[in-house]
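For reference, the chain that follows is the form predicted alone, supplied as C-alpha cells.
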C-alpha cells in the first residue's frame, strides 16, 4: 500500500500543473492567483482573445504538416539504417553504430550554427524544408530499430528471401509488422519532440504564415501581443499541449508496453 501511495502522489504531482493550467485558462484574470482545480469566475474570454490576436489555425496546420512528414521520414530512414546495422555484414558497421550513439550525447545547440549555415546555403530559410530536413535522421530511432530487428529470428528474413523478397520489402512488409510497439514508440517520441520544438523554428523561420504553433505561441507570450494578459498566455499553452495529450492517451497502451519491453541487448 505504501508503494501505491507513493506512486499516486508522484502521479498527482505531475498531473496537478496541467489540470491547474486548464482551469486557469478558463478563469478570469482576477482568479488566476488561486491554485484551485476549478475555474474561478469561468469564462471563454481568454481563448477568444487568443484566437483574435494570433493566426493559431494556420500555425496548427503548419505544425501538423511538419510533424507528420518528418515523423514519416524518420520511420523510413531509421528502419533502413537500423536494419543495415542489425542484419547486414560490412566493414565498419560497429564503428558507424558507435558514431551514431556518440551523436546522441551532443546537445542540439552545438549544431545550431552549422545547420543554419547549411539552410542559408541551400536557400531553405523561411521554407518547410528548413523545418523538416535537419530532423529526418534520428539517432534514437536508428538505435531502437536496430535493437528491435536484432530481436527477431533470422529464419524470418531467410524465409522472406527464399520467397523472392528484396531488402526493402523485407523491412517494410515482413519485419515492421512484427515490431509495432517499437514503431509506435518512435512515432510518439518523434512527433512529441517535433511538435514541441520552438528554438529551431525561431532561428530559420521569420515569415508568419510559415511559423509553427510552438514558435507562434512563444512569440505571442514574450513578444507583447498578449498584452501582459496571463490568462491568454495560459490558454495558448493549453492549445499547444492538447494535441500531444490526445495522442498519448490514444497510444498509451502500446507506448507503455514498448518502453517496458525495449531493453537494449547486444
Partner chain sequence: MRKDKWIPYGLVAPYILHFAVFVAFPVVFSVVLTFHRWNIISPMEFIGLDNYVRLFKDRLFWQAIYNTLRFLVVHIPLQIVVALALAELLNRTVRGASFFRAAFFLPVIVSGVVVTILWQQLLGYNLGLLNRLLTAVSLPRVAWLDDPDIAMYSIAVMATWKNVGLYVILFLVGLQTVPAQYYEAADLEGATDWQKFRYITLPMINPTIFTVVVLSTIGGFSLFIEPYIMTEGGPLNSTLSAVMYIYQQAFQYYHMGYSATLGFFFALLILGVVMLQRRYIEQEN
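Small disclaimer: the values here were computed from a predicted structure and weren't measured. Rigid core (definition): largest C-alpha set, two forms, superposition within 1.5 Å. Residue numbers count along the first chain shown, from 1.
Omitted from view is the form predicted in complex with its partner chain, to which the following refers.
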Picking from 178, 187, 196, 147, the single residue whose non-hydrogen atoms come within 4.5 angstroms of its partner chain in the predicted complex is 196
Going by heavy atom distances of 4.5 angstroms or less, which of 111, 154, 173, 94 would be at the interface with its partner chain in the predicted complex? 111
Indicate whether its partner chain has at least one heavy atom within 4.5 Å of a heavy atom of residue 61 in the predicted complex. no
Residue 115 near its partner chain in the predicted complex, any heavy atom under 4.5 Å? yes
In the predicted complex, does residue 183 have a heavy atom within 4.5 Å of its partner chain? no
Within 4.5 Å, heavy atoms only: does residue 126 come near its partner chain in the predicted complex? no
Heavy atom of each of 14, 84 and 133 within 4.5 Å of its partner chain in the predicted complex: yes
Only counting heavy atoms and a 4.5 Å limit, does any residue of 1 to 18 reach its partner chain in the predicted complex, and if so which ones? 3, 4, 6, 7, 8, 10, 11, 13, 14, 15, 16, 17, 18
Taking the rigid core as the reference frame, tell me whether residue 107 has a CA displacement of 2 angstroms or more between this form and the one not shown. yes
